[in-house]
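Single chain ahead, written as structure tokens, the form predicted on its own.
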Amino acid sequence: MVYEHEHGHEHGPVGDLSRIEAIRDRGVHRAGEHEGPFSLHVVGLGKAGANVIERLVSDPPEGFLSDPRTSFSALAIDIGDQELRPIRESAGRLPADRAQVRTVALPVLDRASLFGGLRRYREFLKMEYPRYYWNPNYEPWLPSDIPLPAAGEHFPRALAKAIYGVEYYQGGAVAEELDAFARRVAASEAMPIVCVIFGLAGGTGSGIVVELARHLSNIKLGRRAWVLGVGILPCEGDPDYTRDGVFFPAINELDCMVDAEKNKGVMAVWGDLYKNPFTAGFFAVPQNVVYDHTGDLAATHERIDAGLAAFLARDNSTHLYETLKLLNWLNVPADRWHPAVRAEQGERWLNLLAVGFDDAQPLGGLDLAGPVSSDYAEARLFGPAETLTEQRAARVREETAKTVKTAVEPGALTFPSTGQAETTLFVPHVSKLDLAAFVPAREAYDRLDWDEKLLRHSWLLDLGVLLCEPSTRFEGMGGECILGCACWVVVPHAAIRGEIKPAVRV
């Protein structure tokens, strides 16, 4: 059943279940003749983000830039140049008139330059946002004796944020390259889709992204373009420092950014420049679905990088577009449905995108703490025509159903292609509490002392807020003030810690 109101288009099925069935049975999220082509623009942060760009540039997937109206931009940012050099060496393989590939190696500033810039931070924020509260108690958020690692070593999130921020606000190369990137997005003849890729358990990427995404999406792009966040989840084979509790503040900062209700609690105190910058949503990429079979971290990274690059860029990003369209279709309740609505994200803002796995092997737990409920799940199967069998599709649906309880049977779409068989799996609407890494990260965080907790935070530190600690002024709220006054957020501390369960989706 559909609803029309006399201006030439349908408003879709009026019931939530029938709307989900319309995805599976009618393919309402598939790109029509009037949609596309699409131009892909990627920002890669830290080692994880840079490696995906390097893979995309050095070995482009089938159909990438095949439409002459499409263009491509990539901007890789890291502290130091080690991960960026291979990108520059491969960039020449793409057509120069339609591709722009840039890198920025943030310098490890000496102590005087770093703290000189941090002491001016109020000036920078006031120029950026007139409503900024000129806090008379402001001091740099970093301890003055913090060790400064060498380029290529691990950087705490709070330090990575400081290095990026000082360079950005003082007109360093990163500011110039963000401007150039934004101009490319705005000049796209084909519909632009922007992706910001980073690792969720490292220091540099997850420390920078909370600032850079705001600068790019809310300021330079004016929230006009679709900006998708893509975070790569922790892996069992990761170094020990990734299990030191850093994932807890990293995922909570994103939770208070992407979940619309929590985000309103941040903006109520700090203004709309802190509005969720990920206008297209947020994808989390599980790694253990690959690592469980390779047992090798380098091999896992290679397959994840290749699978993610292929999903984003294959067939002129049509698969990426259709998945975003599917997500928006699910996000808008049936009673408010309109094709022009851009939906807000709720507490189940995380959407799993599994790539690089062998669909002949068990899927495992998809980095989830246990079986979850979701509206829908969709697999996309690629490969030579003889590999796209109903038996293969049925096996993927069966494996998915072991972990994800969906309102209707998962979909499995097939796409003939050259090269080896590949599969992607999209599971929308899971919460941070559904992730296997969340509770262990919270327990590790709780064992840290105060200084260690501060270095694992990033977002809002410049405003004087330590997000994951309780407010010192308002009982029950989150965001300890580190400046000795009353900085906070209107978000219950129990919700930040995950001690309030999200509502059941299905």
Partner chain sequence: MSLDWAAVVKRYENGARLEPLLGVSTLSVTGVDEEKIYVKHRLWEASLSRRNLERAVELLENGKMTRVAADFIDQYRTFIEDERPSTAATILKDLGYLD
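Numbering follows the first chain given and starts at 1. Because the structure is predicted, anything quoted here is derived from the model rather than measured.
This protein has a second form, the form predicted together with the partner chain, left out of what is shown; the following refers to that one.
Stretch 451 to 459 is the answer when you ask which of 40 to 48, 451 to 459, 66 to 74, 26 to 34 has residues with heavy atoms within 4.5 Å of the partner chain in the predicted bound form. The contact residue chosen from G222, P136, G295, G370 relative to the partner chain in the predicted bound form is P136, the criterion being a non-hydrogen atom within 4.5 angstroms. When the partner chain is considered in the predicted bound form, only one residue from F357, F198, W141, Y376 comes within 4.5 Å through any heavy atom, namely W141. When the partner chain is considered in the predicted bound form, P61 lies well away from it, no heavy atom lying within 4.5 Å.
In the predicted bound form, A22 stays away from the partner chain, with no heavy atom inside 4.5 Å. Although the partner is absent from this view, I482 contacts the partner chain in the predicted bound form, with a non-hydrogen atom inside 4.5 angstroms. Taking the partner from the other structure, the partner chain in the predicted bound form has a heavy atom within 4.5 Å of a heavy atom of D145.
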